[in-house]
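Heads up, the chain below is alone and in the form predicted on its own; it's given as structure tokens.
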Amino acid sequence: MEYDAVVVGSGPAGSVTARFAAESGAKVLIIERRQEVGVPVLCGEGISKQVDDFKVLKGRRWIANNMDGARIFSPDGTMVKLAAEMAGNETGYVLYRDIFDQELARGAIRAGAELMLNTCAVNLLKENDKIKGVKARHFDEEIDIKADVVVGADGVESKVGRWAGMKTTLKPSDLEICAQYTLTNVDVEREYCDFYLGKKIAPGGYVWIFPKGNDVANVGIGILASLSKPGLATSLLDKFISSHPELKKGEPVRFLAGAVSVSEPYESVRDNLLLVGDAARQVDPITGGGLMASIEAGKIAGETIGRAVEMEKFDKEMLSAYEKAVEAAFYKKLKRNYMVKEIMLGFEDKTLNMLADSLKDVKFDEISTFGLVKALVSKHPSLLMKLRPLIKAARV
């Protein structure tokens, strides 16, 4: 088995990388350890409408709900409403994530990529310490897949990256522990995704409600691993649901748990190897959302692989064009948001309440960064000292 590129993982990052590499003329194989693309679902299922700009999806079957925006609730219940364009990369559409992933994989296959299910990468294939492909297990058969480029699209704390000598393990303060129910028989507003903040509600994170239909919603929680203990996420989520009348009559039709990176972006290139998506920590450190970054990075990675194949050059120098391009595209925002995350961890609930009170009447689809800071401080001058680091972070 010989390919120009082998992609480990059929999630959005892997499928989009494979698609654009194949469209650029590369011979590509995607391997997926599970027996079905997109199953089990491992996400809150929200994404920005910017996904439409990339033209990587056919039809609209993958959309569960079309959102007007987001509402953020402070610990005392004060609400701040954001239009969809201002609400971040997790608000716009609520997805059927399994269908979404499968449609992205179909796009890769239509472009010429191959897909092998039930195929688990177990190590890198090396010759004289040079990466030459992937060692994998297909059902019970051990196979060697030779490739000029290996793409690690294998998620949080990437094994592919670790096998290449990268330190992919996250520290607890850069990892969110997540749990989510899909509830039916709930009575939530379909137009908005809701986020709830507070140390007692979700220490170091937030609770979310993403409506999927008239009586169906994803209700989940993320809490910082450094502030967690076994069972805490589920316990706090159950407590939140039981205290909200619109949710407490709901019955779960699905439960999922996992972890997500909330760190700064990570190195993503070695000779003959790229990391994409969650594997490269291309995730918003404030929200934990990474679907849009995965798609944007996947497109850049695939096009870079196509150029490398054309030039028959696969070393770090050649592949670094990918890293430079994603850095220019969105790393500045991710690094800034990491600084904001670290600063906000020091805020008490009282400060969050004051912030929400300052912003509850602001029209966010028109305000500038300067106007935002002015609105905060003009109503609560005592916030100025606490917000100075935040103001500096916003300028980065």
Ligand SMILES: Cc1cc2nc3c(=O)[nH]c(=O)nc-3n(C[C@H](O)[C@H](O)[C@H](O)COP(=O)(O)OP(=O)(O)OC[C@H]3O[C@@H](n4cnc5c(N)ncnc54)[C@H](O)[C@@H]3O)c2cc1C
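Computed from a prediction, not measured in an experiment: that's the story for all the values here. Residue indices: 1-based, along the sequence shown.
Note that the form predicted together with this ligand isn't included here; everything after this is about it.
> Give a yes or no for A121: in the predicted complex, does one of its heavy atoms lie within 4.5 Å of a heavy atom belonging to this ligand?
Yes.
> Check whether K360 has any heavy atom within 4.5 Å of a heavy atom of this ligand in the predicted complex, and answer yes or no.
No, K360 sits far enough from this ligand in the predicted complex that none of its heavy atoms falls within 4.5 Å.
> Hey, in the predicted complex, is Y322 touching this ligand, heavy atoms inside 4.5 Å?
The answer is no: Y322 has no heavy atom within 4.5 Å of this ligand.
> Just to confirm, V276 within 4.5 Å of this ligand in the predicted complex by heavy atoms?
Result yes; V276 sits at the interface with this ligand in the predicted complex.
> Among S10, W208 and G258, does every residue place a heavy atom within 4.5 Å of this ligand in the predicted complex?
Result yes, every residue of the spot touches this ligand.
> Using heavy atoms only and a 4.5 Å cut-off, determine which of L334, L352, V51, L42 is in contact with this ligand in the predicted complex.
Exactly one residue meets the criterion: L42.
> I need the one stretch from 310-318, 69-77, 229-237, 208-216 whose residues put non-hydrogen atoms within 4.5 angstroms of this ligand in the predicted complex.
Only one stretch qualifies here: 208-216.
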